[in-house]
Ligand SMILES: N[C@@H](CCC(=O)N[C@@H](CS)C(=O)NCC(=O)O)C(=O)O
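Take a look at this one chain, the form predicted alone, written out in structure tokens.
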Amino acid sequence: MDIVLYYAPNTCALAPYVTLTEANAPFEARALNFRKGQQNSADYLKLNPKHKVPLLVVDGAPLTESAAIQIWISRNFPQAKLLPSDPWQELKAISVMSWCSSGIHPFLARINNPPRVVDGLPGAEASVVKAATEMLHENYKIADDMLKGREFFFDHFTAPDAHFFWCMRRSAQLGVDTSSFPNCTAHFERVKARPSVQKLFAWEKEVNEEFAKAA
């Protein structure tokens, strides 16, 4: 089986990179340079007209959307236990991943690039950032309550932990203050220490250095 993960630094493609690594899956990571618009190249658009990452290509067949990719990884590498074995808990795990994608990620995107969602009126960008930050805090309070007294969202490390880790990492990169959510912070540090995440950081560093040379 030929597995290729298309990735861009700092993006939520971090999550499937981590879970594929956790699963000891044989995969190739191909980095896209968003600053040079490689996600809009003709070759990439043939694979993914959404011009985003992550994109998983399995034996030439493309699969988009984080939750779907994580479900595929879990089904094909069951020994990694990337989703809970209990059917109800599995659905709850998929719910957490969907929440990361639709309930948290959009607000991070607005903070990262407010001009994409405002019409240029004076002060509009600052208002977008303020509102998005408030919504992030609301979501992080929910997550903080979910993680109270727990190491992970479920009984062991699963795919939702990888996705939520990315949310917290991106928040830190964008200067979002999450200090009032101690359980989220502890979870972030716990996941950060995993060998799979450290491998991702090392590879991402190499990618960024190569991109800098090509600038």
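Note that residue numbering follows the sequence shown and begins at 1. Every value quoted in this text rests on a predicted model; they were computed, and no experiment measured them.
The form predicted together with the named molecule exists for this protein as well; it is not shown, and the discussion that follows is about that form.
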(message) in the predicted bound form, is there a heavy atom of the named molecule that lies within 4.5 Å of any heavy atom of residue 101, even though the partner is absent here?
(response) yes
(message) Taking the named molecule as it sits in the predicted bound form, is residue 164 near enough to touch it, meaning that at least one heavy atom pair lies within 4.5 angstroms?
(response) no
(message) Considering non-hydrogen atoms and a 4.5 Å limit, does the named molecule approach residue 75 in the predicted bound form?
(response) no
(message) At 4.5 Å between heavy atoms, is residue 56 in contact with the named molecule in the predicted bound form?
(response) no
(request) Can you work out whether the named molecule is within 4.5 angstroms of a heavy atom in all three of 34, 52 and 65 in the predicted bound form? (result) yes
(message) Looking at 145 to 153, 177 to 185, 22 to 30, 44 to 52, which stretch has residues with any non-hydrogen atom within 4.5 Å of the named molecule in the predicted bound form?
(response) 44 to 52
(message) Do any residues of 1 to 25 have a non-hydrogen atom within 4.5 angstroms of the named molecule in the predicted bound form? If so, which ones, in sequence order?
(response) 11, 12
